[in-house]
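Only one chain is given next, in structure tokens, and it is the form predicted on its own.
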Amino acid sequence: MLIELFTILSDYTFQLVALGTGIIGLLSGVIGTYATLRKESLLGDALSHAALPGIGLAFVMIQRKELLFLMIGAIVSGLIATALIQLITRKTLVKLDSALSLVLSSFFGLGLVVLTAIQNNPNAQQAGLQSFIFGQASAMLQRDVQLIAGVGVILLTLVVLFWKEFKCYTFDPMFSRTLGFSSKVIEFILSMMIVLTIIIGLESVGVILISALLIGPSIAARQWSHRLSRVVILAGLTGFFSGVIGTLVSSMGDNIPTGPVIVVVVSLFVFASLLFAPKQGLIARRIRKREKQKHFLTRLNDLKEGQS
């Protein structure tokens, strides 16, 4: 067992894929924290599905599977979906959840139509495009990891530079406007960051599961602290280790998909946090509740003894 584990850890392909999925998990945890705190968890699901037609149309234009160009197409498609969601919620009586569902289903359906048309094309280089639906981390190349790392540096730099603005806008948008912050600019930057985070993870985790990686780490981290800085750091670490551990587990078996395993690991972190977190965990709450009941009964008995 140890020999097999050492062999896997020393394998270059594993190291490359683990690094890529770890960075994706790190970015998903950090950026996903803002989406979770703003109660826009479904936005990640909608944008991940909305990126699919952009990927297909970008492939139709360049006729080869080049991650950079496919990401550009996905970004354009994701931004269009974001603009449509904002337009529907602001200009009509449709609520946010209904707008998300409408855009999600419409764009995903369009994406499936485009991918079906591509599969009927005799172009042999289209092989593997379906990996964006379910994910295929093993197909990650060195240039893909370099691209993911480059995007990651940009996103983390934006988080540091706009930390005060993001924090203020996330918890109190009205107060941020009184301070002179442009809500439209901040919202656009946050939406762009969420779109980029989703897109760089599509090939590894897939359209269907990427939203779990975006939201899961922040939910787990939220159980351990009330401070935004600690939650962001814990969410990033949770996402990073989920990516690395999921890649390791999938590498130890035969034909085990990496993306779903990563999501399972994230889910384990979430359930463990919900149960065992010292303040917010269910077990800790249950213990405090029993202690309060015992304290109340003790005081009640003391009052009865005093009256008698």
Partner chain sequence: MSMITEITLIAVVVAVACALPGVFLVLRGVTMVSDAITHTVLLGIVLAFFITQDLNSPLLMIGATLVGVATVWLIETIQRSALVSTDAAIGIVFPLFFSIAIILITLYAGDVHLDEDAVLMGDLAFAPFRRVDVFGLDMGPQSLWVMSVILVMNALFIFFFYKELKITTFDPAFAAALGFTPMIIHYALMTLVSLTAVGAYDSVGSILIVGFMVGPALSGYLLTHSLKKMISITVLIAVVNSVSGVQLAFFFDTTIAGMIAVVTGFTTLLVLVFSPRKGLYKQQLNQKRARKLLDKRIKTLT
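Predicted, not measured: the structure shown is a model, and the values here were computed from it. Residue numbers count along the first chain shown, from 1.
Omitted here: the form predicted in complex with the partner chain. The next part is about that form.
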| task | Among 236 to 244, 256 to 264, 24 to 32, 61 to 69, mark the stretch whose residues have heavy atoms within 4.5 Å of the partner chain in the model of the complex. | result | 256 to 264
| message | Just checking whether Arg290 would be counted as a contact of the partner chain in the model of the complex - the rule being heavy atoms within 4.5 angstroms. | response | no
| message | Residue-level question: is Arg299 within 4.5 Å of the partner chain in the model of the complex, judged on heavy atoms? | response | no
| task | Answer for Gln223 alone: is it within 4.5 Å of the partner chain in the model of the complex, judged on heavy atom distances? | result | yes
| request: Indicate whether the partner chain has at least one heavy atom within 4.5 Å of a heavy atom of Leu209 in the model of the complex. | output: yes
| query | Among Ala139, Val94, Ile186, Leu147, which has any heavy atom within 4.5 Å of the partner chain in the model of the complex? | reply | Val94
| request: Name the single residue among Leu100, Met193, Leu202, Val232 that comes within 4.5 Å of the partner chain in the model of the complex, judging by heavy atoms. | output: Leu100
| Even though the partner chain is not shown here, does it sit in the model of the complex so that Ile154, Thr157 and Phe162 each have a heavy atom within 4.5 Å? | no
| field | Residues in 92 to 117 with any heavy atom within 4.5 Å of the partner chain in the model of the complex | value | Thr92, Leu93, Val94, Lys95, Asp97, Ser98, Leu100, Ser101, Leu102, Leu104, Ser105, Ser106, Phe108, Gly109, Leu110, Leu112, Val113, Thr116, Ala117
